[in-house]
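Quick heads-up: it's one chain on its own, the form predicted on its own, in structure tokens.
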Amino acid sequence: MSSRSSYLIRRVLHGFMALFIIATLLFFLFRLGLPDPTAALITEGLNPEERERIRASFGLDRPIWEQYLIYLANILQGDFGYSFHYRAPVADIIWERLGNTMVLMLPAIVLAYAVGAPLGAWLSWRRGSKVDTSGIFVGLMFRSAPMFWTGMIAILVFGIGLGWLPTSGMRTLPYEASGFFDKIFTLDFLHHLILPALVVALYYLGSPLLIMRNTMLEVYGEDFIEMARAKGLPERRILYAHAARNALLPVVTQLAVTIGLAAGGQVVVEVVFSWPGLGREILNSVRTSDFPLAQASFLVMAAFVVTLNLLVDILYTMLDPRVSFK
């Protein structure tokens, strides 16, 4: 077995171990930190037998260790349980909310990195100038500004003040859609997407911009850059064809982590813009002590992060052969 294959197998095993630990922590943290989820379902007029019958219907009358083993067995079968609040399969709820989140987050993140990485490379070329200083200031400003504040300013200016864009939801109510793609492949959906996606993109813009700029400044001191200049290559070609490629590794890492975390959505943005995504659903599940829904939501987020980190490790070996397989 080659060193690369053994390295990837180790990484996969580490990923499964991480998911097992996260699943275990989620199970016990929610049960120890949240109130009884059946409290909202039990009225004062019920006698103790009826109360216990309700708890038994959710499996909460069993010993904690038995609940834990059932929980692990169900996860291995892809069964996340039944939502206490919605009285529906958790998997159906999560996939619907996850789809809503990703159609918001992915375009925003792609826009942020498509603009931020080339802009960071260009600012490194103009280092020390007023353009460089202004670019760093703008990137840090949007990254540091609370997202709810940026969202409310965008709503006040473009939604209420100018009336150009809608400020809540995915579609104008009432609407009928036979499926997920029927819901999003419309001009009305795109109209609703612009404002929250722009707010998310501005927030994430600073990361690729600053990471790319700082990494490029380090790459400029490498010998192969001096060799390219000695050959008489144009500075712009050196910038994008030689230096930028070798500065992409940290940006790729950050992109993978960002997309993984995006699976959980941006709770603040989804609440401000009333976007029915997974982030807002996580908040609601914690409020209602909906253990199965909260556990599965966080576990899906963790699975996204672990999987994308594994993909980054594979991309590293393709982008930089010097990466060690130890």
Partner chain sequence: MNRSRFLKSAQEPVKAILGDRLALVGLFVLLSIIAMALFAPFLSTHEPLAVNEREEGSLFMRSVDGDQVHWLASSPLGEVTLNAADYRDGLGMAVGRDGVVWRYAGDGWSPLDTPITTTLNAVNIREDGATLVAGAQGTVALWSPDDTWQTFEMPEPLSVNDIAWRDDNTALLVGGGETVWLLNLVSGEVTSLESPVGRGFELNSVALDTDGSAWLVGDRGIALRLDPQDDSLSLERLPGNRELNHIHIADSGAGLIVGERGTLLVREGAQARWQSQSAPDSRAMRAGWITDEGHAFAVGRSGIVFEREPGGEWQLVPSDEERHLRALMVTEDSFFAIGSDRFVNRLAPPSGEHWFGTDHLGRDLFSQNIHGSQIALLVGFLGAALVVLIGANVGLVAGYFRGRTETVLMRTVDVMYGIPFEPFALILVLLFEPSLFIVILAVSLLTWRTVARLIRSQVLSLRERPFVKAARVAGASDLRIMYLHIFPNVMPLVFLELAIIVGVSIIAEATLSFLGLGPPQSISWGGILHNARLSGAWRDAWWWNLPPGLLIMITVLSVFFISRSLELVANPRLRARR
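Note that the coordinates shown come from a computational prediction; the quantities given were computed from them, not determined experimentally. Positions refer to the first chain, counted from 1.
The same protein also exists as the form predicted in complex with the partner chain; that form is not shown, yet it is the one meant from here on.
**Student:** If contact means any heavy atom within 4.5 Å, which of 131-139, 194-202, 114-122, 70-78 contacts the partner chain in the model of the complex?
**Tutor:** Of the options, only 131-139 has residues within 4.5 Å of the partner.
**Student:** Although the partner chain is absent from this view, report whether Ile160 comes within 4.5 Å of it in the model of the complex, heavy atoms only.
**Tutor:** Yes.
**Student:** So, in the model of the complex, is Ile21 in contact with the partner chain at a 4.5 angstroms heavy atom limit?
**Tutor:** Flag for Ile21 set to yes.
**Student:** Is the gap between Leu29 and the partner chain in the model of the complex 4.5 Å or less for some heavy atom pair?
**Tutor:** Leu29: yes, in contact with the partner chain in the model of the complex.
**Student:** Look up in the model of the complex whether Leu315 has a non-hydrogen atom within 4.5 angstroms of the partner chain, and give yes or no.
**Tutor:** Answer no; every heavy atom of Leu315 is more than 4.5 Å from the partner chain in the model of the complex.
**Student:** Of the options Leu233, Met152, Ala88, Val110, which one has a non-hydrogen atom that comes within 4.5 Å of the partner chain in the model of the complex?
**Tutor:** Answer to the contact question: Met152.
**Student:** Which residue, Arg245, Arg126, Arg237, Arg229, is the contact with the partner chain in the model of the complex, using a 4.5 Å heavy atom cutoff?
**Tutor:** Result of the distance check: Arg229.
**Student:** Going by heavy atoms, what in 267-305 lies within 4.5 angstroms of the partner chain in the model of the complex?
**Tutor:** Going through 267-305 in order - heavy atoms within 4.5 Å of the partner chain in the model of the complex - the hits are Val267, Val268, Val271, Val272, Ile282, Leu283, Val286, Arg287, Phe298, Met301, Ala302, Val305.
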